[in-house]
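One chain follows as C-alpha cells, the form predicted alone.
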Amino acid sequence: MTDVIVSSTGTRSTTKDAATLLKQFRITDADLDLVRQFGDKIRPKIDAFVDQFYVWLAEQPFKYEFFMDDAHVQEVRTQQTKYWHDFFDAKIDDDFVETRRHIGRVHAKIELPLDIYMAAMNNCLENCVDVLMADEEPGNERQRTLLAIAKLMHFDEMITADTYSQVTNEVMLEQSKSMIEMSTPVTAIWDDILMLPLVGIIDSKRALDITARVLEEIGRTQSSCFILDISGVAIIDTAVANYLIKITKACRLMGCEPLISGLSPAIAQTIVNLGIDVGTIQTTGNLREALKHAFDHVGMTVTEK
C-alpha cells in the first residue's frame, strides 16, 4: 500500500508500507530467517563493533559539529546499538519502517551528512563479512546469508536516505518561499494603495511569484490602486516588459488600478525600441509622481502642514 502525503510546503511524497517495500527489494521470509540466524552469532559482538566505529569517527574532522560532549556521544551510541539489535531481529513491519523514517528526519534536522550514516552502514557490513568468513558454514550458505543482509541494509538505507531527502527538500522549499516573499514585499503604503519595489533581475519564475503575491494582497486588502516601482530592475528586455504588462493587466482584472513608476529615459527608449505596447497603463518617471496619481485615484489630497 502507498500513501500520498502533502506537506505544509505543498510538496507531495509517497510512503510505502513494509510489505510493499519488502516486495520491492525482493526480501523474502527466507532472507529474514537468515538474517535472524546470523543475528544470534553477531549480536554479542555489536557493542564492540559500535565502539570500533566511534574510534573511526573520533578521527574525523567533522565529529564535534554533531556531537557536542561525551554524554551526547554515549546517547547516540546507545541508539545505534539498539538500531543494530532491531536490524538483526529482522521483524520488518510498519513500525520498523517508521523508526527508519524517524532516523532520516533526525539526521536531516541536525544536518548530519549522509556519508556518515553510510559509513556506519558500511562498517557493519564489513564486520558481518568478517564474521561470516570465520564461520564454518558451507560457502553457499554464507553467500545466501550475506545477500540477505545486504538486501536488508539497502532496504534500511533507502528508507532513511529517502526521508532525509524529503525533509531537506521541504526545508529548501520553505527557505525559497521565504526568500521570494522577502524579495517581493507588497506593502500597503496607504489606505487602498499597495506598492511593490522591484530590485534585481526578473525571470519567468519570479514574475509568476510576483503576480501571485500581488493578486493575493489585492484580494486580501481590496485595494484600488497598485504601484509597481521598477527603478531597481537591472535589465529590461522583451520578456521582462511583457511580464510587467501581464502583471498590470491582472491587477486591472481584480479591479485595481496599476501604476508603473521608475521608468528612466533609457528604459522608456528600450521599451519603445522593442515595440512593446503598454496600452493604457499609467507610467511615471519616479515614485513621487506615482504617489500623486495614486492619491488622486483614491480621492485623497496631500497638503503641507
Partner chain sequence: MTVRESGVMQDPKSNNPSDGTETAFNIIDGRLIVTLHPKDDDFYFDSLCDDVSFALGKSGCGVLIMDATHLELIDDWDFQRLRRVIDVAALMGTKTIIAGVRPGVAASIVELGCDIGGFSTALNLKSALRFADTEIGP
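Between two forms, the rigid core is the largest collection of C-alphas that superpose within 1.5 Å. Values in this document were obtained by computation on a predicted structure and should not be read as measured data. Residue numbers count along the first chain shown, from 1.
The following text describes the form predicted together with the partner chain, which does not appear among the structures shown.
Review point. 222-230, 88-96, 111-119, 144-152: which one contacts the partner chain in the predicted complex at 4.5 Å, heavy atom to heavy atom?
Key: Contact criterion met by 222-230 only.
Point to revise | Contact residue in the predicted complex, from 218, 159, 128, 195 (heavy atom within 4.5 Å of the partner chain) | key: Here the answer is residue option 218.
**Study point:** Residue (of 42, 27, 34, 254) lying close to the partner chain in the predicted complex, criterion heavy atoms within 4.5 Å
**Key:** Checking each option against the partner chain in the predicted complex, the one that comes within 4.5 Å is 254.
Practice item. Although the partner chain is absent from this view, report whether residue 250 comes within 4.5 Å of it in the predicted complex, heavy atoms only. Key: Yes, residue 250 sits close enough to the partner chain in the predicted complex that at least one of its heavy atoms falls within 4.5 Å.
Point to revise | Yes/no, residue 256 Cα shift of 2 Å or more between this form and the one not shown with rigid core fixed | key: Yes; residue 256 is a residue whose C-alpha shifts (by 2 Å or more) between this form and the one not shown when the cores are overlaid.
Practice item. Look at residue 222 and decide if its Cα position differs by 2 Å or more between this form and the one not shown after superposing on the rigid core. Key: Yes, its C-alpha moves 2 Å or more.
Review point. After superposition on the rigid core, does the Cα atom of residue 242 shift by at least 2 Å between this form and the one not shown?
Key: Yes, shifts by 2 Å or more.
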